[in-house]
Structure formats: structure tokens, C-alpha cells
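As a starting point, one isolated chain is supplied in C-alpha cells, in the form predicted alone.
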Amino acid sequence: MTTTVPATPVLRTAFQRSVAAYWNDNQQDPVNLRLGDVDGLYHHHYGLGDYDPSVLEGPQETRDQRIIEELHRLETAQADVLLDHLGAIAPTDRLMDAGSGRGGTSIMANQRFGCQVDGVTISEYQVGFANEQAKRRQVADQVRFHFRNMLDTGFDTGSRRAIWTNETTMYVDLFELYAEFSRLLEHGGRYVCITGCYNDVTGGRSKAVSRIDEHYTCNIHPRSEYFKALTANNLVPINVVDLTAQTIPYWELRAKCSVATGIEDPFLTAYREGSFHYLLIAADRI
């Protein structure tokens, strides 16, 4: 599928080019691909909820695959929690997935609401991969992925009923991002964010949080920055949920399987010591 792009360059800074290169170069990352191969929904985020301990039991030769399938179930459950907070969505509404990755949450949103969804990402590889998944599921007329910058999408003002970011805000300036989302959302439209953020109370990034930044070439924001940037751009929080305790089991299980990358320990350390939080924020455009 071909897509149009804004007149201005999609990648404008050295940092954006480095982020795009990271995701373009990690095309065969088994963390995403092996989990997505379970049912064809490919995610680029983490999971929520307790895992089934029985996956650690049984024949050793199938243990790893059982863990893979359970991790994928937890990631899909996370996407469902995000979609639960979008509010009332009609089939005639248009949604946007900002930082859409390989497209799993966008496809789930279309399945649930029957509406049009546009995903945007600065990874050209991800655009092609996600559009191919939409084509395979025969929803390419409703779910489209674009090589665009979430800070300047080029979409029409007031054209979106809802927008979400799922673990992508750590790559951008929040004030710039929410200015664009405020422009795109209709009055009363909903924005939902799931993100990791560092705890202001602990006084800056911990060693574990800095390790996560380094691993993913990102810049994790403090918790307070989200609420300052939302308020500055006419986005009023209606729901804030601390998901930290619910995501720890995912990381505990992931550390036990073949797709572990070594970043599991910094995540677990940061969550357990309280220097890092996993938050859901839902905000309305006023």
C-alpha cells in the first residue's frame, strides 16, 4: 500500500533518524516476531496481568513455546485495557495510533469498533509490515499505516475521535506531541496513553531507568511532565491508573524464556524499587 507524507521531512533530527534506524535495523527481533506469530497480532509493547504458572510445568521441550504464548496473551490483554479507556467509539469515527509499530493495537481497535484507524510511525519497515498485516486480514480499506512523524502528522484538524500512544511517548517532546494531538482531536475527543515514566519523588532517573533509556535509544520522561504537557494543551485527565504491579508478572515470566534480552532485570529493579511507574492516562480534549 502506498501512503502520502507531509510536505516537510518525516525525520527532522539526528535523534529521530537514530530512533528510526534502531527499529528498521531490528526487523527480526524475536521478542516481537515470535509472540506475534502466535495469532498474527504483532505488538510493540509489554503485558498486563498474572501469568498462568502452569506454563512453567509440563514437558521441557514445549516449555519455551508455552511461555511465548502466555507472554503474547498478556500483551494482547494490555492492548485491550488501553482500548477499554477510549470511551464510546462509533463505526463512523476515525482513530489514530501514534507510534503504531507492527500494527497489532490498530487492528484490534478496528475489530472492536469497526471504524477507520490510521497508524503513524517513523520506521518505514514497520509501515510496510503493518500494512501487509492489514491486507492479510482484509481490513486494508479501514486500517492504514503511514510513514509520518507523530509530532506533525499532516492529518486534518479535528479529524480524530480518539488517539493513543502505547509506550511511544519516550521518543518525543511531550509539549510538541500534545499540541499536535490537541489539534487533531475533535472537541470532547479522547487521548489514552500507556507509558513508563520515572518517579519524580525519587529525584531523577535511577540507574535502572537509565539502562532502559540506553537499551531502547529513548528518553523516559518524569511522571509530572505528562500532566504539565497535557494541561498546557487543553487535554484534561479523566482517568489515571497505576499499572505497575500488574506489569511485573510479565517481566518475571519473560526473564524465563528464550526471547529474554537482558533488559528484564533493569525493568524489574526499577519497578520494584519504585523509581519507575507504568501508567495509563486518559484525557479529554476541551
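Just so it is clear, the model here is predicted, and its values are computed rather than measured. Don't overthink the numbering: it's just position in the shown sequence, from 1.
Omitted here: the form predicted together with a small molecule. The next part is about that form.
At the 4.5 Å threshold, heavy atoms of Met170 reach the small molecule in the predicted bound form. Looking at Phe129, you'd find every heavy atom of it more than 4.5 angstroms from the small molecule in the predicted bound form. Heavy atoms of Ile220 reach within 4.5 Å of the small molecule in the predicted bound form, making it an interface residue. None of the heavy atoms of Phe113 is located within 4.5 Å of the small molecule in the predicted bound form. Taking a 4.5 Å heavy atom cutoff to the small molecule in the predicted bound form, the contact residue among Tyr125, Phe147, Tyr216, Phe155 is Tyr216. Residue in contact with the small molecule in the predicted bound form (any heavy atom within 4.5 Å), chosen from Val31, Ile248, Ile67, Ala229: Val31.
Contact check at 4.5 Å (heavy atoms) against the small molecule in the predicted bound form: none of Gly119, Tyr178 and Arg285 pass.
Partner contact region in the predicted bound form: 170-178, out of 155-163, 139-147, 184-192, 170-178, criterion any non-hydrogen atom within 4.5 Å of the small molecule.
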